[in-house]
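The chain below stands alone, shown as structure tokens; this is the form predicted on its own.
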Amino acid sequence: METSSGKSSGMGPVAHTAVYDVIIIGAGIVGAAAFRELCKYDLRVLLLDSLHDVGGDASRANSAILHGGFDPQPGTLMSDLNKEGVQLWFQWTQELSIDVEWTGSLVLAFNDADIAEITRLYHNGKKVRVPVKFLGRDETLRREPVVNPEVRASLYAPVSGIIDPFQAVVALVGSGLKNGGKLMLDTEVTHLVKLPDGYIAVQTNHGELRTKVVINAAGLNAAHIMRTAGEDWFSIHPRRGQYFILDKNVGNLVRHVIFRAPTPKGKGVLVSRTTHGNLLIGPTAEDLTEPDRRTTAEGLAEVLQGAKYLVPFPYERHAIAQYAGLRAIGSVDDFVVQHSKVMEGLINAAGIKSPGLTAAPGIAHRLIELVTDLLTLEEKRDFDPYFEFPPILRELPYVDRERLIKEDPTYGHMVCRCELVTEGEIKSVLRMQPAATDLDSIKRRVRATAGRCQGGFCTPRIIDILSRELNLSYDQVTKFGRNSKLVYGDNRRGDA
């Protein structure tokens, strides 16, 4: 019987020991996908994350690409789950109201080595039966006239696209919550202990939880979770990727996702539109010994150089933001999705690097198969597969905008002028599940502060809304939880 206390979403400290059937560690795209799929069954399911919001690490800072399935080595788990995942995204994006565009991708070749590489990728695609086509120079330039005219050939994959990865995480978690799952944020797992009664004790900074099954989908921390259970055969190191986001006035520079022929370190710098209408260039591929999410002058220069080689363009004139994300590079050159070798009841989903976003639905289905080895699953008769986000005013017909404003006049109060976000929209995501509770979580749900001025004008107004709606003092409002304060004190109180 579950005995945890907290808010309606399941967030908050644990009052006393709570018992579940499955606890998922990590609310990134893999953990979120597994959460949603497990909530199809008559189970007590809890999703944990150490951060202040879902999708707060790799799932918010990546290339936002759905890969066609031709890149991974045939016969690997990565290849199988990439193919399965991209097929499932066709269904999931419709059920969960996730923004996606099936733009197709082009992998460009400029020399003999590149041509040999895209030829290998072409044969990969044929082996795993995903659609690919080899294009000559003229056809490549006809499809994308702005690419480097030195291009000699390209590989075209029609079943590739762009997606909003953070929206995908929110929708998957929201679907799970809607169907009876629980969520706890700001909850760090410190140890896993197998108990004599067969349960696993999940020790956290908020106390102890108990469960029959643990799914370890902790991303960069997945190897650490394994070690807490006594499993030390696997390791992870971070690989940093740096990016530029460009203004929407150049968002239609390219039609497809544009890659260079890949190297052993990855797919290299790409040029792509985003589902929000911006242009994205990046990433680098920098292997690190410790997590470091800072951008560097050298890394950003590498991004510009790589992007200009693919598509000559003065990107720096239109850049509005830069960021870095970390990928979890495992000591095994494939996804690890399997039962623990040392602790019965622990299932690991580790080393999920690119194409992890694409493969997430397939990984979730594989995790369900592993759970069935441990538990008897009975489908819920009342599972609701659909999820809808609160209305976005700029996307609605005028008659619906007028209706919303009449029902709630705050939908007529413009807050973020760059992205046309109103007070009513911000208030709506403070009430949704999973709820926004800080500046960045609002940004990822409704785009406020994501525009040309990067929050220069709207941030004070959003702080005011967060303070009022969540009953916080100004110096309790944060950018991304913990101690990321936006205001240090209040002159009106006489603070130093």
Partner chain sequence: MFVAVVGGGPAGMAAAVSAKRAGADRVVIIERAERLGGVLPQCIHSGFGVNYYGEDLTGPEFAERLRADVKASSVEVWLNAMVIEARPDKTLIISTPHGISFVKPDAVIFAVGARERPRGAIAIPGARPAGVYTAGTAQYMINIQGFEVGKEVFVLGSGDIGLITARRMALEGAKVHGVAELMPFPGGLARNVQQCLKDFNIPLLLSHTVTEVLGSERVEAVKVAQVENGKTVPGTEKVFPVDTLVLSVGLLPEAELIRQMGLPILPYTGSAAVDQFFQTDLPGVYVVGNGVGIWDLVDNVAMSASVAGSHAVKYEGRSSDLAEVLPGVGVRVVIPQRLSLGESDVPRIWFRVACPIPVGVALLTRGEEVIARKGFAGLKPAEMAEFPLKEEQYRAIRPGDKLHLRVQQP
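Numbering follows the first chain given and starts at 1. Since we're looking at a predicted model, the values are computed, not measured.
Heads up, the form predicted in complex with its partner chain isn't pictured, but that's what we're talking about next.
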property	result
Answer option from 320, 220, 336, 96, heavy atom within 4.5 Å of its partner chain in the predicted bound form	320
Site test, 294, 406 and 461 vs its partner chain in the predicted bound form, non-hydrogen atom cutoff 4.5 Å	yes
One stretch from 23 to 31, 430 to 438, 445 to 453, 39 to 47 that, in the predicted bound form, holds residues within 4.5 Å of its partner chain by heavy atom	445 to 453
Any non-hydrogen atom of residue 412 within 4.5 angstroms of its partner chain in the predicted bound form	yes
Residue contact check: residue 205 to its partner chain in the predicted bound form, 4.5 Å heavy atom	no
4.5 angstroms heavy atom contact with its partner chain in the predicted bound form for residue 487	yes
Any non-hydrogen atom of residue 417 within 4.5 angstroms of its partner chain in the predicted bound form	yes
